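Just the one chain here, laid out as structure tokens, in the form predicted on its own.
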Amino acid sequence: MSKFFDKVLSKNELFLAFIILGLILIIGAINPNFFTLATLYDMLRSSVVMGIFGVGVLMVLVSGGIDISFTAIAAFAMYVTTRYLKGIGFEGSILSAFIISGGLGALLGFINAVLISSFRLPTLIVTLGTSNMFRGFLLAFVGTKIISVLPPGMVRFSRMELFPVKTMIGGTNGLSVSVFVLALVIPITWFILNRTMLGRGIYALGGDRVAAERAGLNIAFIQFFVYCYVGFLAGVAGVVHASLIRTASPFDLVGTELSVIAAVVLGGARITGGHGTVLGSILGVFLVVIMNNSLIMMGVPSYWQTAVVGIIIILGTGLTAWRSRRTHRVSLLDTQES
């Protein structure tokens, strides 16, 4: 039994999976309606935008940096794209919106990369400044009017569902195709981080920048790729968000960045860099989404939801840090004994 717990504690993803399983069983015991396909569809749908954000944030954290401008980039790229497509009367597929918004996001991420790589400024300060700059420019020069009638391609995307089931109130609910956007982003990011020299460079940069430079890695190229990639994902997530709620608002998304970062850290990524997995980050996102949805189902007021989620995130992050120190201590003892 002791070896079983040691194994669970040594594998962050396994540890997090057990927490999620325990939470699901507790919530299901309180509210049996939780164990329905309709609820699963809702949670998967709620995880898409945060999941795409989380994958991007993971890459930044692994590289040893931090980015808090990705929500401002998402809002900027999403709103400009929607307004442009509405302005020209575009009626094509949502793929064009993804390309335009992702390109705008990558361009804004490029600004972050220039400031961070060329001037060697702290990533937190740079992204804090650009976050306010992007948001201020959007509201001052692009517009503040909420677009409630989206281009037809985005509306069609929001209505596309698979495997419909009947809900408790007599309606139907299906699996949103937006889930497949996240399902596409996950393996691509995993492949970059785990099967390419670029990915090894990202981990090396986060682990020890000086050693990475001495090893001959192109630090500037790595940082440019990381921040442009995060910007691209933010632009894509912005379009998904607007499509799902069928509204493009310049006031959306900003303010959720700390929840995303907390979910990724909960998944095992270290703020200090050099460590983190895509699977752990996605599990961290699922845990936060499950907590949010379950509190709503149990009728907990919104202000208590914020407090409860904050407390659980602190406890979860503390447990992850404790588990990491415990694993390190056990490893040292094993080394001394051998």
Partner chain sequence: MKSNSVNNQQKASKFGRMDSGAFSVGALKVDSNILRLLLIAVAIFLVMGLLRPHTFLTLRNFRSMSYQFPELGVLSVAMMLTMLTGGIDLSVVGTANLAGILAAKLMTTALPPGTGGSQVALVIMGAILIALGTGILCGLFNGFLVARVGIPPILATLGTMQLYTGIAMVITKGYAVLGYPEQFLFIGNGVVGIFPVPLILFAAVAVVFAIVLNKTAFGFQVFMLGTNATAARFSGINNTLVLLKTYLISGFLAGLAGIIVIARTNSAKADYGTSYVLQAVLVSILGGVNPSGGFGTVSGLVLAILSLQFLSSGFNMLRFSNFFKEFTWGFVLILVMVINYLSVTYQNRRRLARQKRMVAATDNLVDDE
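All values derive from a computational prediction rather than experimental measurement. Positions refer to the first chain, counted from 1.
Missing here is the form predicted in complex with the partner chain; even so, the following discussion is about that form.
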### Query
Taking the shortest heavy atom distance, is Phe191 within 4.5 Å of the partner chain in the predicted bound form?
no
### Task
Indicate whether Gly22 is a 4.5 Å heavy atom neighbour of the partner chain in the predicted bound form.
no
### Message
Check Ile125 for me: does it contact the partner chain in the predicted bound form (non-hydrogen atoms, 4.5 angstroms)?
### Response
yes
### Message
Check Phe163 for me: does it contact the partner chain in the predicted bound form (non-hydrogen atoms, 4.5 angstroms)?
### Response
no
### Query
the partner chain isn't shown here, but in the predicted bound form, which of 239 to 247, 173 to 181, 87 to 95, 110 to 118 has heavy atoms within 4.5 Å of it?
110 to 118
### Query
Do all of Gly129, Asn132 and Ala307 end up near the partner chain in the predicted bound form, with near meaning a heavy atom within 4.5 Å?
yes
### Summary
Checked Leu279, Ile66, Leu37, Met43 for heavy atoms within 4.5 Å of the partner chain in the predicted bound form; positive is Ile66
### One residue of Met197, Leu258, Ala215, Ile146 in contact with the partner chain, assessed in the predicted bound form (non-hydrogen atom, 4.5 angstroms)
Leu258
